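Starting off, we have a lone chain in the form predicted on its own, written out as structure tokens.
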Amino acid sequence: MRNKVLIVDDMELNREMLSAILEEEYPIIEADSGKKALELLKDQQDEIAVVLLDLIMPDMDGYAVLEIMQKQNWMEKIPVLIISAESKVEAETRCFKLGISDFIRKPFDNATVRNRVKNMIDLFSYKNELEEKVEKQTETLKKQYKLLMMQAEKLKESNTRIIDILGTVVECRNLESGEHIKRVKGFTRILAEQAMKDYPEYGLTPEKVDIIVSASSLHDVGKIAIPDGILLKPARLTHDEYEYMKSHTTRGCDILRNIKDVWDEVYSQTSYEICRHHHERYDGKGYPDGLEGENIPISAQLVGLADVYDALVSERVYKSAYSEDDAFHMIVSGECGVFSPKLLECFRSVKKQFEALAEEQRG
């Protein structure tokens, strides 16, 4: 318990006078020198409520005591009341700069000493109690924050797991190589990181890019609902078959709507945008909604371009693979539909990275 009063004065009479004023209310400990005072402070700093300090003492004066107390940060918890015969204003100013709480000149009035000591002890007691409460609350908040971060990481893992499972189901039904999803994720990340750097107006952040890349796995989830006769047909689709194939965008959204309550809303919304709109084109001639320009979510624009590039450079049962250079020129010339001019600039910037990833995946 912090309730002791430390009286520091080299004159015994002064210590006795101060002790007589305060001993009825507080336990008193005394030091006849600065060195003795520091020893008591070191040993009993958690019990001392206030220090009454004289300035003029042999060997170590009050200023030296204050300087050491300041370096040890003791005065943050223990107030110091200077009681001295020193009359110079400079002395008082120096003491306050060293962090004292009050200054009384000798000869002192008993009531003044008693009241100021009580006020300082009450004030610092409240201050220390408040700081302890804040420390405890801060520690509690840190623990709660850590728990929330752990829960958020588990939720993120759960979201990713759901996406991966659905993506795997699509690949198992498709005649594509099974590496399509992995490649699209890679191309999407390269393009998204370039767009984040070049066009801050898209509001992309590393966290958003991670979510878009993860959700890109579900761009073709609607193919689960496409009959094998159409999905696996080795020849060119008829007009009606192609129209039915195009419905994989909306059918995929139906699937995602049915599971929206089991995963994070941000992942769910991003997956929905990509699934429905990755075949939209910047001039409004895509499907299923004919969205135009920046009305197409940036997530869908990124995955749409990545998906087209992979389709071009990959071999399918109904076509041979185009070279990376041919695929690049087909996309920038608009042969595969019109893409955002901004994304095409990003695409030009990452051309070599796309080619390197395509080569790596093919090898």
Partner chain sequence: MSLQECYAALEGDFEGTLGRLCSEKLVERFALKFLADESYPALIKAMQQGDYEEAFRAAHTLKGVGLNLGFTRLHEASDLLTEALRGGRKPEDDSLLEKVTAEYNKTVAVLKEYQGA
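The structure displayed is predicted, hence computed values, not measured ones. Numbering follows the first chain given and starts at 1. For the two forms, the rigid core is made up of the largest set of C-alpha atoms that agree within 1.5 Å on superposition.
Same protein, other form: the form predicted in complex with its partner chain, not shown, and the subject of what follows.
Enquirer: Ala31, Met57, Ile296, Ala49: which sits within 4.5 Å of its partner chain in the predicted bound form by any heavy atom?
Expert: Looking at the other structure, the residue within range turns out to be Met57.
Enquirer: Looking at Ser87, Thr238, Thr205, Thr140, which has any heavy atom no more than 4.5 Å from its partner chain in the predicted bound form?
Expert: For this set of options, the contacting one is Ser87.
Enquirer: Would Met149 show up as a contact with its partner chain in the predicted bound form if we use heavy atoms at 4.5 Å?
Expert: Although its partner chain is absent here, Met149 would stay clear of it in the predicted bound form, with no heavy atoms inside 4.5 Å.
Enquirer: Check whether Leu344 has any heavy atom within 4.5 Å of a heavy atom of its partner chain in the predicted bound form, and answer yes or no.
Expert: It does not: once its partner chain is placed as it appears in the predicted bound form, Leu344 has no heavy atom within 4.5 Å of it.
Enquirer: Would you classify Pro107 as touching its partner chain in the predicted bound form, given a 4.5 Å non-hydrogen atom cut-off?
Expert: Because a heavy atom of Pro107 falls inside 4.5 Å of its partner chain in the predicted bound form, the answer is yes.
Enquirer: Would Asn14 count as touching its partner chain in the predicted bound form under a 4.5 Å heavy atom rule?
Expert: Judged by the heavy-atom cut-off of 4.5 Å, Asn14 is in contact with its partner chain in the predicted bound form.
Enquirer: Using a 4.5 Å heavy atom cut-off, which of 109-117, 72-80, 268-276, 213-221 contacts its partner chain in the predicted bound form?
Expert: Only one stretch qualifies here: 109-117.
Enquirer: With a threshold of 2 Å on the C-alpha, tell me if Ala91 counts as moved between the shown form and the other one once the core is superposed.
Expert: True for Ala91: a C-alpha shift of 2 Å or more.
Enquirer: Examine Glu294 after superposing the rigid core and state whether its CA is displaced by 2 Å or more between the shown form and the other one.
Expert: No: Glu294 shifts by under 2 Å between the shown form and the other one.
Enquirer: With both forms fit on the core, has Asp307 moved 2 Å or more by CA between the shown form and the other one?
Expert: After core superposition, the displacement of the Asp307 C-alpha between the shown form and the other one stays below 2 Å, so no.
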